[in-house]
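One chain follows as C-alpha cells, the form predicted on its own.
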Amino acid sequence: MPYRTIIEPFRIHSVQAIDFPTGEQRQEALLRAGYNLFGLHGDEVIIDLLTDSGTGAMSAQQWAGMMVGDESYAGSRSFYRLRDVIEDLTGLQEIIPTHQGRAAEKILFTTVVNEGDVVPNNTHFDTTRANVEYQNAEARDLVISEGIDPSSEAPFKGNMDVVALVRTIEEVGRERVPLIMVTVTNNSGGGQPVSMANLRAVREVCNRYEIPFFLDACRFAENAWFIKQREEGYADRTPKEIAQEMFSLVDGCTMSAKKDGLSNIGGFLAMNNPHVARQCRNLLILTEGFPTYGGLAGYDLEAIAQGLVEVLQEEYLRYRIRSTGYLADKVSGAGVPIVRPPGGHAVYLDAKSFLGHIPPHEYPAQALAVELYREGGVRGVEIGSVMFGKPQPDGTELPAAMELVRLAVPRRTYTQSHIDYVGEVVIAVAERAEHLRGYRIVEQAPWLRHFTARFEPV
C-alpha cells in the first residue's frame, strides 16, 4: 500500500507550552508595539512564523553533542569538528565561525567592499543589503523576470539574470565589482530555488571577468532538494552530492547556521583565498572572538556540526518541503494569492493581489501581517515596501517590486494541526480583505527600519 501522508521523520521528546492571548490582549499588544510585529513579546504569539532563523527544534543528537562541547578559548576540539564537517561539505579551506550570518556578512563586506562598489546578487536579503550599503556601496538585485512575478510557475525563479549581470559589469567596470553573490534559496523572492545550470552560468561570468563568486548559503540544503526534484540529471543524486557540487562552483560563502544548520545560533564565513581570510580573521578577533570560536560557545559549534549532517537527510528534506507545500495548498485552494510555486522554508502571501485597494505607500503587506496576528495570533513578517522601499530625495518612496507576507515555518517545531490552524486564520482574513486599511510609518531608524519602526493605521 503506498504512503499517502508524508509524516514528520521524528518523535517528539520534549514539548513547550503555547500561550493563547485573547483577541483583546492581542489588540493591546499591537498598540503597545506600534503595530510592528517585531515588538511583540513571544508569549503574546500563538503560532510564530516570523522567521525560520534559529527558531527550530534541535535533535537528540545535537543536544547530546552539546554535552561534550569543548569550551577552550583557543583550539577547541569542537571547532575542529565543525571545520571538518564544513570542509567535507563545501570543499572550502578557510573556515571562520561567527555568531550568526549577518556577522559573516559584516566581516566579508567590510574587508572586500569599498565605497562606490556594486555587489550583484539574485536578491539581497535585508541584512545582506544593509551591510553592503553600510560600506556606501550598491546592492544590486538581478533576479530573472519570473522571480518578481508571484503567479509564475517557473521551477527556478531564484535564478540570476546572467545577461543583466554581464551588462552590470560592463556598465560599472570590473574594478567596481568586488564579488558576485547568489542567495540560495532566494529568500526575498519567495524562497525560490536556483538551478545548478544557473550557478554554472554565473561561474562562467566570474571566470571571464576574474571576479570572486560567493553563495549566501543559508538554505543550501533546501536548494539542493529542489534541484534533485526539478532539474534534469539530478534525480538519482543525493542531497549531499548536489550540495557539494553547488559549493564546488564558488570561491566562498556566508552562512547563517540558524537556518539549514538546524541550530538556534551561529554561522560561518568560508573561502579559499588565504589573504582575504587573514584580513577577515583580524576583523573577527576585534568583533566576534578568537578564530576557533568566533563568538560561539563550544557547544554551539557541536550543534552546528551535527545540524549540517542531519539537514541533508532525504527523509528530513522531503518532510520539510512538504510541510510548507501543505500550507500553500490549503490557502491557495481557498483562493488566497501566494507566490507560486511554494518556496522551501515559507509560504509567501501576495498582499499586492490580496489587498489591491491599499496602495504601496500605505504598506499593504504590513496591513495583512498585522491582521493575521489580530485575527488568530499568527505572526508573520512583511517583505515589501516597509523592508525594501527606497526613500527618494523628494520625500516620496520607491516601492518594492512585490508586497509579500512571509509565513516562515520553523524546522521540526510545529505539527500538521498547527499548520491547519494557520491556514484557517489566513482564510478568515481573506474573507474580509476588502475591509482592511493601510498603515503609515510614524517612527523609523535609518538602517533596517522594519525591525523597530512604529506605525499607525491610515
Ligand code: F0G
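The numbering used is simple: start at 1 and walk along the sequence shown. Just so it is clear, the structure is predicted and the values come from calculations on it, not from any experiment.
FYI, the form predicted together with this ligand isn't displayed, but the following is about it.
Taking the partner from elsewhere, Arg102 is found to have a heavy atom lying within 4.5 Å of this ligand in the predicted bound form.
For Thr51, a non-hydrogen atom is located within 4.5 Å of this ligand in the predicted bound form, even though that partner is not displayed. This ligand is not shown here, and in the predicted bound form it never comes within 4.5 Å of any heavy atom of Ile304. By the criterion of a heavy atom within 4.5 Å, Arg320 is excluded from the residues contacting this ligand in the predicted bound form. Only one of Thr90, Ser78, Ser385, Thr128 lies close to this ligand in the predicted bound form, with a heavy atom inside 4.5 Å, and it is Thr128. Among the residues Ser263, Thr183, Gln366, Asn159, the one placing a heavy atom within 4.5 Å of this ligand in the predicted bound form is Thr183.
The three residues Val45, Thr324 and Arg379 each lack any heavy atom within 4.5 Å of this ligand in the predicted bound form. For this ligand in the predicted bound form, the listed stretch (312-320, 227-235, 141-149, 94-102) containing residues with heavy atoms inside 4.5 Å is 94-102. Counting a residue when any of its non-hydrogen atoms is within 4.5 Å of this ligand in the predicted bound form, the hits in 241-273 run Ser256, Lys258, Lys259.
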